[in-house]
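Below you will find one chain, with nothing else, as structure tokens; this is the form predicted alone, and questions on how it binds or moves follow later.
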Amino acid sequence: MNILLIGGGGREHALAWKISQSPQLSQLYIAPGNPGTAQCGTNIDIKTSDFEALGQFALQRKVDIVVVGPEDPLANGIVDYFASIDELQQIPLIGPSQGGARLESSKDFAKSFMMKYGVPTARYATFGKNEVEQGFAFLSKLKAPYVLKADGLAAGKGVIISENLDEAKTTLNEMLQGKFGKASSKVVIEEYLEGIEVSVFVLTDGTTYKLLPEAKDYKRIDDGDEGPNTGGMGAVSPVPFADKEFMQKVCTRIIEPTLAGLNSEEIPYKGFIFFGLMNCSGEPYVIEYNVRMGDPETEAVMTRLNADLIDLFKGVALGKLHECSCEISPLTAVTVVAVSGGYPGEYESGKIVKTNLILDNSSQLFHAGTKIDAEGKLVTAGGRVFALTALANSIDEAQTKAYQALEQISFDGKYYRHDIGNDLKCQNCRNQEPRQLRRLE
């Protein structure tokens, strides 16, 4: 089969790596891809926003399935575009329609959807530009800290936690006045949930679903969950506290009502759903939906997926996902992200990458922000540069392997956290009261 994968980050490299292992694969194209995805298939210089060029390429190369990696093309209607062109209608896409993508592109829609279909989530209210005073009144009814979210996509920066009421009011006013552009023309104010986070992923054909490995990611830049928020500094899978009892609650209270709601609303949905959850003393609550895989969680999840990804995608396309096998490895994956110095603030790109890395089958290096320069050298090209994933029998062993491998890669300003997974290593982790975390994503 010929597969077109849309995207160019670490998530897409992990997906490309997994797709390339399928015996059903004839050609894998990645648009635009990166130097890492070039090791798995053929990179195509087409922007993720150029739907017409992507469609024409898919026709010319007789693409059988299109896999959409990032959220922006989905939110902007790439699935609907393909469905609107007669010649493209025959090509299935892995990703929801624009209506389904609203689960991520509009936090107000997602919250109202959850409330309507009984999906556990925090109490909330939404306010527009002319409703500042009403927003102040709602904030006054809540206890600190206060959670304020831009309604639309804001590149992962649209959520602010305010520690006191005056600060929250100021933040609300700034957001409604355009702090995040159109994304904050409406602001969702939520009750703060105390607990520990876990990311749960499913692949669905719109009716049935396959549960993928769960993961825990680490958003803060510094050890001990200190410093500014980032796109993600690492991930661990599996998550000790996400045991059979907890995951059964997730399936019956969250995943299945979500799919039932999508069907009730007649919203076509064929693709991934990412459930950002908070474990509040053993009870799962939804913080957010994403309509694609997470990053860097994908770099951990894909290494534990003992399944033919193309076979799963075919099951999605044909509405026969329930017939597909989806085994999960019992091994532990630890992913550590290496970033450019200064990230998530200002940082320099174009730093030459040097490596003495020799990996076995239990470790993988995924490119996130790299490129080949005019002289043919591998250089940095983003804030998050690499994600190194190691598989082993325990978090300790996987950590050791990941950090030893990461030491074999160098570039000016290289930085990474040294504590990814430390908080999950306690023997009684699943029985402990979750510690308080400030969600800034």
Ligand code: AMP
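Keep in mind that what you see is a predicted model, and the values were worked out from it rather than measured. Numbers for residues come from their place in the sequence shown, where the first is 1.
The form predicted in complex with ligand AMP is left out here; the points below concern that form.
Contact with ligand AMP in the model of the complex, judged as any non-hydrogen atom within 4.5 angstroms, is confined among 82-90, 330-338, 317-325, 142-150 to 142-150. Just one of E288, D205, D108, E131 comes within 4.5 Å of ligand AMP in the model of the complex, counting any heavy atom, and that one is E288.
With the partner omitted from this view, the residue of L312, A122, V353, A154 that lies near ligand AMP in the model of the complex is A122 [heavy atom within 4.5 Å]. For Y192, a non-hydrogen atom is located within 4.5 Å of ligand AMP in the model of the complex, even though that partner is not displayed.
In the model of the complex, ligand AMP lies within 4.5 Å of some heavy atom of I161. Proximity of R102 to ligand AMP in the model of the complex falls outside the 4.5 Å heavy atom cutoff. Although the partner is absent here, K219 lies within 4.5 Å of ligand AMP in the model of the complex, judged by heavy atoms.
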